[in-house]
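Encoded as structure tokens, the following chain is the form predicted alone, with no partner shown.
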Amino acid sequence: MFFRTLTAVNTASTAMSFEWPWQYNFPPFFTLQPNVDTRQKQLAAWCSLVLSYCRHHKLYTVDVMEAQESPVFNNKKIERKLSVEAIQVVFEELRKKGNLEWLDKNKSRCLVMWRRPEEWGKLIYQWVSKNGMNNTVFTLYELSNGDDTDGEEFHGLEDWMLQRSLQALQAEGKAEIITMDDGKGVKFF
């Protein structure tokens, strides 16, 4: 399975289309601050930057070793780079907030959830209801890649996140995940 990572994003298009926060061009931002209050604000800003960047580029998977070379953590304009240790502190903060999940014990790859499964589920259910498609069965492919969902925020959603979103809806009694001959599907109520 192919995952787009932070470094897989075209840097030229990134600079033009993504709006960087003011801190990104402030050199001390790239060094974890010793003052507890300042560090908390700094970590909040880093978390916001990582989530915004991933959301803008629809990135869900991050390789920690590649992260330091990505535009997010490496500002070539001011020649500053966040250390691997500091990146791990930022990722741990994202994990505590429920926006990151490690894929392995070594913490070398992670899933970034710039929108939680429950939030995706709510968006999907709103679309289903708005279009009068309750009591309709969809394959997972139709839901995330079909022509009907083209232009919706959840179009192109990775399979793991789509399934978690549907599980959240199932727990609320708004959907039922079903097994079909050619894979999984979902029925909305």
Partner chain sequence: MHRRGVGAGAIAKKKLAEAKYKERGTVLAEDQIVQMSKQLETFKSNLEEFASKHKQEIRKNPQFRVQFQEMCATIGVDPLASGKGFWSEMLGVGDFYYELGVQIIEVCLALKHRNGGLITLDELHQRVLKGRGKYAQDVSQDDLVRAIKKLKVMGSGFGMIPVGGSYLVQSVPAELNMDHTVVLQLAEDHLLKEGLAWLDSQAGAEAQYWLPALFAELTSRDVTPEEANQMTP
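Here the structure is a predicted model, which means the values were calculated and not measured. Positions refer to the first chain, counted from 1.
As for the form predicted together with its partner chain, it is not shown, yet the points below apply to it.
Distance criterion of 4.5 Å from any heavy atom to its partner chain in the model of the complex singles out 81 from the list 109, 116, 81, 97. Although the partner is absent here, residue 151 sits far enough away that none of its heavy atoms falls within 4.5 Å of its partner chain in the model of the complex. The shortest heavy atom separation between residue 37 and its partner chain in the model of the complex is within 4.5 Å. Of the heavy atoms in residue 26, some are within 4.5 Å of its partner chain in the model of the complex. Taking the partner from elsewhere, residue 41 is found to have a heavy atom lying within 4.5 Å of its partner chain in the model of the complex.
Heavy atoms within 4.5 Å of its partner chain in the model of the complex map, among the stretches 125-133, 55-63, 27-35, 138-146, onto 27-35 alone.
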